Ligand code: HEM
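Next comes just one chain, in structure tokens: the form predicted on its own.
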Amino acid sequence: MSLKVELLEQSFEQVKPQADEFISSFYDNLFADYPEAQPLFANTHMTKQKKMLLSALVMVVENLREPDVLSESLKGLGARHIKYGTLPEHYPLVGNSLIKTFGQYLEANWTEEIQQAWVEAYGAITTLMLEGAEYTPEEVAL
């Protein structure tokens, strides 16, 4: 996995001061763009869910230079998401909303290069989570 680690770290640092708002905006984007995703969260405590998503993002960025740790963590995360009813077709919805939210928060600092870095990173994250969930990458259209 040859991700653009510095671009990912730097861009994430820029949104960290507004992390709670960023996560709320992510869910606003997800539910506005993909209303079909909302029922997946019907029985979810959203405050707790937002904290878990933020923790997962922090874990990813903090472990970009530790691919073995990151790989194991993401596979475990993918396995746990089966219990929540997450299917392969849900991953692109989350990815699209995440990328859109980064663009909204980075504004003028959201370059094509940074966008591509996050698209590639999310693709790698998805692949590892699907492996943990025991789906093959072919089962999801990225």
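Start at 1 with the first residue shown and count on from there. Values in this document were obtained by computation on a predicted structure and should not be read as measured data.
Beyond what is shown, the protein has a form predicted in complex with this ligand; the following relates to that form.
Report whether all of 23, 96 and 115 sit within 4.5 Å of this ligand in the model of the complex, measuring from non-hydrogen atoms.
Contact check failed for every one of 23, 96 and 115.
To verify the annotation, which of these, 77, 70, 61, 106, has a non-hydrogen atom within 4.5 Å of this ligand in the model of the complex?
When this ligand is considered in the model of the complex, the option within 4.5 Å is 77.
Could you confirm whether residue 86 comes within 4.5 Å of this ligand in the model of the complex, counting heavy atoms only?
Yes, residue 86 sits close enough to this ligand in the model of the complex that at least one of its heavy atoms falls within 4.5 Å.
Quick one: is residue 56 in contact with this ligand in the model of the complex, heavy atoms, 4.5 Å cut-off?
It does: once this ligand is placed as it appears in the model of the complex, residue 56 has a heavy atom within 4.5 Å of it.
Spell out, yes or no, whether the shortest heavy atom distance between residue 81 and this ligand in the model of the complex is within 4.5 Å.
Flag for residue 81 set to yes.
Residue-level question: is residue 111 within 4.5 Å of this ligand in the model of the complex, judged on heavy atoms?
Residue-level check for residue 111: no, no contact with this ligand.
What residues, if any, in 40-63 have a non-hydrogen atom within 4.5 angstroms of this ligand in the model of the complex?
If the 4.5 Å heavy-atom criterion is applied to this ligand in the model of the complex, 40-63 yields 40, 41, 43, 44, 49, 52, 53, 56.
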